[in-house]
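Below: one protein chain in two forms, given as structure tokens, structure 1 then structure 2.
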Structure 1
């Protein structure tokens, strides 16, 4: 079969462009840690409120004993729960999301956080905030008539201010615990 030289050039150009794009994707995946989410964790969307991790009392910001910060949030019925959270700047934060009803998405402008929240799965994203300020969390997947009202806010404060606030709260909790213990002993 005879192939015209001009057609042969265009075939080589298109193959070269395809190889270039695949190379760029591979370089990003290997050297810049741009990868598809790999945390495949399931949850029963009908029983989120009964689960230990996503029970209403456990939503929001939680600090582990080793200092790791985890934010647990629920998306559903045209809202993110809780509506407002306070976080430290320049700190790695793990966000864990679940949906109680339909497919949602969350996007935080000026950060690397954007993910889909699929019913029946836990979405996990690690992010940090470069500077203090107010960061909106917006739903970026159309989820129904109330979609445009689906938002939440993260208030980011200086790391030193965050640590001072945590120390103050911890001291208040210790004082309350000591007072309860003393009243129980009497």
Structure 2
């Protein structure tokens, strides 16, 4: 058998290049937790409206007591619900996506918010948006003849503005709640 020394060198160079790429990916994945959405979590797509987490009232942006922001979205032909969400810039946001019908995919151009939405599974992605602006959420997997029309909007605003807005809203919400309670007591 004859393998030219030059060819052997080239094989080593090729191996070196592959090893370099693989190491960068591995370092990012293992030490910086840069991973593709992979949470392997099942859900019954036919009963999403009955599930606690993805019931209509729980969709959209939710802030936990510790301040963590989770966005729960339902993909269904032909939109992502809720159709409009407002997010703070420079903040870690956890997206949880489910499909109520067929296969969808979603991405927000110029960001790394991208995932497939497979019926039967919850897709979870973490992202943050450095720059305020209007970000479309586009369906990127053929889901039927209305696929072109399947998109929703996310508005990313300054963190302070977002917090002020939220404080105002929750104050308004509290007032209504108190008013309701008072009227109930009467």
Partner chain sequence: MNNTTAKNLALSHMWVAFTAFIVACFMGQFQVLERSGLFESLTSISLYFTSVSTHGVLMAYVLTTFFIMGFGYYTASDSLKIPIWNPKLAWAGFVIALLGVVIAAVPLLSGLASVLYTFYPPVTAHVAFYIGVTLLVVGSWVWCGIMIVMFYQWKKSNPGKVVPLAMFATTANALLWLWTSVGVAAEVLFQLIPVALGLMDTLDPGLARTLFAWTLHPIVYFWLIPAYTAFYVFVPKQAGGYLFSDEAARMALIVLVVFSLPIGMHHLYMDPEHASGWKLLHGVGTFIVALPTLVTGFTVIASLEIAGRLRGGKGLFGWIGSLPWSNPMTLGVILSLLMLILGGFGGIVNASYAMNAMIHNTAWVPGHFHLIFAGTTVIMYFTIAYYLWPFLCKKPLVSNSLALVQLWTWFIGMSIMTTPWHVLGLLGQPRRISSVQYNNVLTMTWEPYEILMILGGLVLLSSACLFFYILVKTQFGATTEVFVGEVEYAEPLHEVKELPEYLNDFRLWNKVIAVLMFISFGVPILQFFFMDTYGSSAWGY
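Positions refer to the first chain, counted from 1. Treat the numbers as computed from the prediction; the structure is a model and nothing was measured. For clarity, a rigid core is taken as the largest C-alpha set superposing within 1.5 Å between two forms.
Visitor: Just one of these is the form predicted together with its partner chain; is it 1 or 2?
Guide: The form predicted together with its partner chain is the one given as structure 2; the other form is structure 1.
Visitor: After superposition on the rigid core, does the Cα atom of residue 64 shift by at least 2 Å between the two structures?
Guide: No; that C-alpha moves by less than 2 Å between the two structures.
Visitor: After a core superposition, would you say residue 26 shifts its C-alpha by at least 2 Å between the two structures?
Guide: Yes, the C-alpha moves 2 Å or more.
Visitor: To one decimal place, what C-alpha displacement in Å is found for residue 15 between the two structures with the rigid core superposed?
Guide: Once the two forms are fitted on their core, the shift reads 6.0 Å.
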